[in-house]
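First, one chain by itself: the form predicted on its own, in structure tokens.
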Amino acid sequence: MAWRCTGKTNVELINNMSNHNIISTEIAAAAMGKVDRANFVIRTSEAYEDSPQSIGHGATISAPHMHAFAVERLLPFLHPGARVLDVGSGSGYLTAVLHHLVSPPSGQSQGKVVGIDHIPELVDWSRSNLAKEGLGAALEEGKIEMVVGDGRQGYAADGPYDAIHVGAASPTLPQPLIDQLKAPGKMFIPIGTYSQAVWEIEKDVNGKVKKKEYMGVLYVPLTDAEKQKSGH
């Protein structure tokens, strides 16, 4: 049903995903509705299509329905004051959505979202996109931080994290990301090479890790910068 969710505007796109039960909670719909996808894509005329789009450097912005699915799966851990890691943050779109969930404007606890990508040009672009979206102050105040680095190694400096989102497919489950997940905490990650699937990794309060496989997917690989730029 996801392909039917394309809209002419951001509002229509979000409403279509809600009508098809891809977005199932008001809080997720509100957070995604606050972020205009047109500020995070190259071809703005295609911003509200429910499909992945190239953002250059061998990277893509995921289809809106996949972002929605990720948010819904991580939502119990995206509370005000939470710390979140967005691996393969690309254009910064999902980082912005996650920010609205963990740092609401109502005076509640303020969280932090770290976006990490190994392509410096994308990190610079994501900062510009976030500023264009009106989140320049959040960057300045450290509520959002965009860093250049190998997402496979996580970003221990700001961990541990209540939630980790991985926006590219890892051949195996990276141990550093498990280590940087809070107890309790949850990670959303595509795993596989030729055959990929989304996995939910949940660590309970005692540190025990449970793994659950969801649907088959097709993501760009989580790899090093040179291989990504060359398409391998």
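Note that the structure is predicted; figures quoted are calculated from it, not measured. Sequential numbering from 1, following the sequence displayed.
Keep in mind the form predicted in complex with a small molecule is missing from the figure; the text below concerns it.
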Which of 28-36, 198-206, 180-188, 58-66 sits within 4.5 Å of the small molecule in the predicted bound form, heavy atom basis: 58-66
Listed residue that, although the small molecule is not shown, lies within 4.5 Å of it in the predicted bound form (heavy atoms), from R152, R73, R127, R83: R152
Partner proximity in the predicted bound form: L222 to the small molecule, non-hydrogen atom cutoff 4.5 Å: yes
Any non-hydrogen atom of I119 within 4.5 angstroms of the small molecule in the predicted bound form: yes
The small molecule contact at A168 in the predicted bound form, heavy atom, 4.5 Å: yes
